[in-house]
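Listed next as structure tokens is one chain, alone, in the form predicted alone.
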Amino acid sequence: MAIKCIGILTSGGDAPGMNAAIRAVTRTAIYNGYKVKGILRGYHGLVTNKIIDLTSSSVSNIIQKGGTILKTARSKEFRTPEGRQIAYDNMKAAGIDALVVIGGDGSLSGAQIFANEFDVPIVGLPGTIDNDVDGTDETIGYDTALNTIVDAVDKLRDTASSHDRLFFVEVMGNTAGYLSLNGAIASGAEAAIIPEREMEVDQLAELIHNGFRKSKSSAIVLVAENKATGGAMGMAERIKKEFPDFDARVTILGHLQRGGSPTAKDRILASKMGATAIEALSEGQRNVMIGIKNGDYVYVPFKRAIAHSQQMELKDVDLVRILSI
């Protein structure tokens, strides 16, 4: 069946650049002769029939805005077969023939299930600040979040130096330490504690025993939020018990990392991915995510995108230590 109308939704955690992606998908689709509809609040909007028409003017003046104009929400109903049936019925009643889903691995997992159950052409865009989607070098929102972290650490450095303190800065990254590790490199932090290494080594003990304060009176350590690492609060509690001579403080950046105007890099990435999503649908592609590998935009099967098999360059952990001497 020929595609005449494309629906767009954003799902999961918001990420800077989602609006740029919505804009690109909408305008590229219209340029290619498709009608476009926006689904409000992600899969929840499909279940509750919150569907609106999108025009070129609907997406004017949004490329610079953080968050998502389509909003996002969790949906318990969509996790059930009955809820997905309602979602499909609402989609068809609205005249939508294909979907573009913008979100992280959870959103793409939902897209895969929905596409398989109802034979719906779906193309995904990786929108998550965690950069934890397989098959792509970067995700929409990651660069902006990284810059937000660096800006915060730069400010914390002033007070850490003034008071001779050890600061644990908790950043997002529940299953992946990209923000922590690359944030540490970019900000000149003394160490990064990431979930990828937590099972093989006691990173806090390693940090202390490496004598990171031999030549410095203060230090900043980035910690990925994760049950395995215990997060920044867990690190500070251990310091208090095991190394009482250290004066440790905690800063949790939290949802600050999700907000803000997207960087130029994220705007360009989102725009090109959005345009490529329409190309993919026009070519008859389905059940794929748009990724970027070595500068080329590629089609990544959903199954691979959500596999969590991508390997991080752990040698960069040593680089953080070497550069902080």
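Just count from 1 along the sequence shown to find any residue number. All values derive from a computational prediction rather than experimental measurement.
Beyond the structure shown, there is the form predicted in complex with a small molecule, which is absent from this document and is the topic of what follows.
S.K.: Tell me, which of V133, I129, V123, I194 has a heavy atom within 4.5 angstroms of the small molecule in the predicted complex?
M.R.: Selected option: I129.
S.K.: Which of these residues, N174, T251, N90, N147, gets a heavy atom within 4.5 Å of the small molecule in the predicted complex?
M.R.: Residue within 4.5 Å of the partner: N174.
S.K.: With the small molecule left out here, work out from 53 to 61, 254 to 262, 291 to 299, 22 to 30 which stretch has heavy atoms within 4.5 Å of it in the predicted complex.
M.R.: Stretch with heavy atoms near the partner: 254 to 262.
S.K.: Looking in the predicted complex, any heavy atom of R74 within 4.5 Å of the small molecule?
M.R.: Within the cut-off, so yes.
S.K.: My question is simply whether E190 lines the interface with the small molecule in the predicted complex - judged by any non-hydrogen atom within 4.5 Å.
M.R.: Taking the distances in the predicted complex, the answer for E190 is no, it never comes within 4.5 Å of the small molecule.
S.K.: Is D143 part of the interface with the small molecule in the predicted complex - any heavy atom within 4.5 Å?
M.R.: Close contact is absent here: in the predicted complex, D143 is far from the small molecule, nothing within 4.5 Å, heavy atoms only.
S.K.: Look up in the predicted complex whether E225 has a non-hydrogen atom within 4.5 angstroms of the small molecule, and give yes or no.
M.R.: Although the small molecule is absent here, E225 would touch it in the predicted complex, with heavy atoms inside 4.5 Å.
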